[in-house]
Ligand code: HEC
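Coming up is one lone chain in structure tokens, specifically the form predicted alone.
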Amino acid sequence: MKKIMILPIALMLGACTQTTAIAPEKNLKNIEAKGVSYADGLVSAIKPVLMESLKSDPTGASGMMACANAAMPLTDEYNKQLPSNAKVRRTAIKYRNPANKPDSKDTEVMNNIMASKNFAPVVVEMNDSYRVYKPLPMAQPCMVCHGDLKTMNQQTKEKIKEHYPRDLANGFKLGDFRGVVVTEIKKISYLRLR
């Protein structure tokens, strides 16, 4: 008898608290702003480590080592601070660390950025997420490790070769397109009581 009473009560409660899925956020400007903010946060987390090492060793050898040893752990740590539906990463066409190799969508977007020479953020809607690509132009401090191999410090070249034997991330000129910070923001269906 108790089991028979539970079913109608559950159905009545269900009718009173019917939920409706609200479509994921469609305001791409808000998504872009969030993505750029998260990308800037990652850059702000990594930059001081790199700048400090370059200050103590202008050849770039220690800066390259700082990047090699700290960039991925700092990225992982930074991602732990973001909302659970967001994650950032770095990638480039000419990448150094194989862990930063671009996927096919990354490659497509970066090729479009290079062709257009427009370094504005790009938002791409994926199946279950949005990707916000924040382009990174080549800056002067980065030239010591990513510039022309002919003029690069020999010790820096040796460290790069040792840690990244398949390095592609060199030969850049100041202002060139270096790569992107990608923020991936998962789409969320919010539930609302009626």
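When you see a residue number, it is the position in the sequence shown, counting from 1. Bear in mind that the values here come from a model prediction, so they are computed numbers and not experimental data.
Keep in mind the form predicted in complex with this ligand is missing from the figure; the text below concerns it.
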Non-hydrogen atoms within 4.5 angstroms of this ligand in the predicted bound form: do Ala33, Val132 and Lys187 all have one? no
Even though this ligand is not shown here, does Lys94 get within 4.5 Å of it in the predicted bound form, heavy atoms only? yes
Is the gap between Pro141 and this ligand in the predicted bound form 4.5 Å or less for some heavy atom pair? yes
Verify the contact flag for Leu50: yes if a non-hydrogen atom of it lies within 4.5 Å of a non-hydrogen atom of this ligand in the predicted bound form, no if not. yes
Though only this chain appears here, would Cys67 touch this ligand in the predicted bound form if you measure heavy atom gaps against 4.5 Å? yes
Neighbours of this ligand in the predicted bound form among 53-76 [non-hydrogen atom within 4.5 angstroms]: Leu54, Gly60, Gly63, Met64, Cys67, Ala68, Ala71, Met72
